[in-house]
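Before any questions on how it binds or moves, here is one chain, the form predicted alone, in structure tokens.
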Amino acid sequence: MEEFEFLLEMNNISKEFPGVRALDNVTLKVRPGTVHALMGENGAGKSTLMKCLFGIYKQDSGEIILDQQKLEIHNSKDALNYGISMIHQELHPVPHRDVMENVWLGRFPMTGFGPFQFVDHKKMYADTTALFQQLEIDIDPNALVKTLSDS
């Protein structure tokens, strides 16, 4: 598999709302295998930039390139189809659902075909367990969110 210099590029992204320019030609470039943090004051545009990447907002100008392909992201479903997901800073977990359902909310693994598709709970459990092992998280994927403590 060919390695690219940048896995993700957000070039010259601008976004305006009535009365405010939230993003002014912002560029973000992410190399494969790296971890980044967006930091800044309230109102600096961090969330707006990520919402442009995830399709919640459409940037007014600029381009998004993933794996050297320019993307048109019209909505969050497009983003998910490209393998882009977002954890929102304002988390609203579903307390009466289990942990793994909250992790995969809106993008459950499916089995079956055509109109006969069902949530693949076995795959969802296996994928959640693998993710938690990778992140060294010790939480039962089947635990109801409402039973978890805040600490």
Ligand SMILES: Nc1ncnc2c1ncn2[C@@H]1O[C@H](COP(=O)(O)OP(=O)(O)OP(=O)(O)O)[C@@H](O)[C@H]1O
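Worth saying up front: this structure is predicted, and the values here are computed from it rather than measured. Note that residue numbering follows the sequence shown and begins at 1.
Not pictured, yet referred to below: the form predicted in complex with this ligand.
- Relative to this ligand in the predicted complex, residues 17, 42 and 48 are all within 4.5 Å by at least one heavy atom.
- Here the chain stands by itself, but in the predicted complex one stretch of 18-26, 5-13, 124-132, 137-145, 18-26, has heavy atoms within 4.5 Å of this ligand.
- None of the heavy atoms of residue 104 is located within 4.5 Å of this ligand in the predicted complex.
- Contact check for residue 54: no non-hydrogen atom falls within 4.5 Å of this ligand in the predicted complex.
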